[in-house]
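The chain that follows stands alone, in the form predicted on its own, written as C-alpha cells.
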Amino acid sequence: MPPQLIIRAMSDIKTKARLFVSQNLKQGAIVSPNPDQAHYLMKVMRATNGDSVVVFNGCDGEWRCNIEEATKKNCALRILEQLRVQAPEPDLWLAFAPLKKSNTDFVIEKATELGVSRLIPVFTEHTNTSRVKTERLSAIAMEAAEQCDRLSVPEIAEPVDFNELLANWPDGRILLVPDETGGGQSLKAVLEKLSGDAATSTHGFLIGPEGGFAPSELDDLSKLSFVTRVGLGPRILRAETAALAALSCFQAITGDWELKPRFNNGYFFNARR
C-alpha cells in the first residue's frame, strides 16, 4: 500500500482533536499531551475517558489513541492503532525577512499548510523588525500542522543575517529568489524546467522584506551559481503574498499537489487554541 494512503478510513473514527507529540509512537504505548494540549482537550473540547484523539510525531506516522485517566487538567493517551505510515514530504525551504506585527505569524502558518519543511528568518538591509521569537513561531507551525493534516512539523531555524544565509547555503540546493525589480525569469517557466528532476533536487525560496532587497543584495545574489532570480508577474506583491504565491506555484508545478487529501468525513481538526 502506498505510504500516503490511509490504513483505516477516518470516516469510521470520531475524534476530539489531532495533536503533535514528541514521544515515540507504537501500539499500546501511553503518551502524555503537553499542558496546553491537555487544557485544550479537557477544557475546550470537553473530552472524557474513552474519547479518541489522533496523534503524530513527524517520524512514526499517525495513530489513533483513547483518552485515559482524564482529570480536569490532564489526561493520558493510549495508542490503539496506526492510521497512516510516515510518508515522504517535499524538502522545500523558505527563507524570509521577518515582517511587522502578525504578518510573520501568517507566513509561518500558511507556509506550514503549503508543505514547507524548514523556515529560516533572515535579516536583510531593509528588514523592518529586529526581534524573532522562534519558540512562538514553532508553536504556530505545530498548530498549523495539526490542523492541516500533514505528518510533520516544519523546523523553525534560528534567525541569520543575509550574508550568513548565503555563505552557509547547502551545496546542491537551488535557491529561488522572487525579484520585484523585474530582473528575474518567469517562475512558471523556471519551475517547469526543474520539474523533471524535482524528485532528486532540493529547493528553497528567499523572500525579501517589505522594502525589497537592497541593490547590493541583488548584486550579491546575481553572482551566486545556486541562485535563480524569478518573477511573480506584473504586479508588485506584498512580502507575505509573494511567499504564498511562490510556494503555491512550486507545489502546483513540481510539488505534491497531484496527491489527493485523505477522506476524513468533513471533520475540521483543531480550531486555533
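Residue numbers here begin at 1 and follow the sequence given. In this text the structure is predicted, and so the values were computed from the model without any measurement.
Beyond the structure shown, there is the form predicted together with a small molecule, which is absent from this document and is the topic of what follows.
A single residue from the set D105, E143, E89, E180 has any heavy atom within 4.5 angstroms of the small molecule in the model of the complex; that residue is E180. Of the candidates V54, L41, L247, A239, A239 is the one whose heavy atoms come within 4.5 Å of the small molecule in the model of the complex; the others do not. Heavy atoms of R235 reach within 4.5 Å of the small molecule in the model of the complex, making it an interface residue.
Proximity of P209 to the small molecule in the model of the complex falls within the 4.5 Å heavy atom cutoff. The closest non-hydrogen atom of V227 lies beyond 4.5 Å of the small molecule in the model of the complex. Put simply, W63 is far from the small molecule in the model of the complex: not one heavy atom of it is within 4.5 Å.
With the small molecule left out of view, the stretch that reaches within 4.5 Å of it through heavy atoms in the model of the complex is, among 43-51, 209-217, 64-72, 26-34, 209-217.
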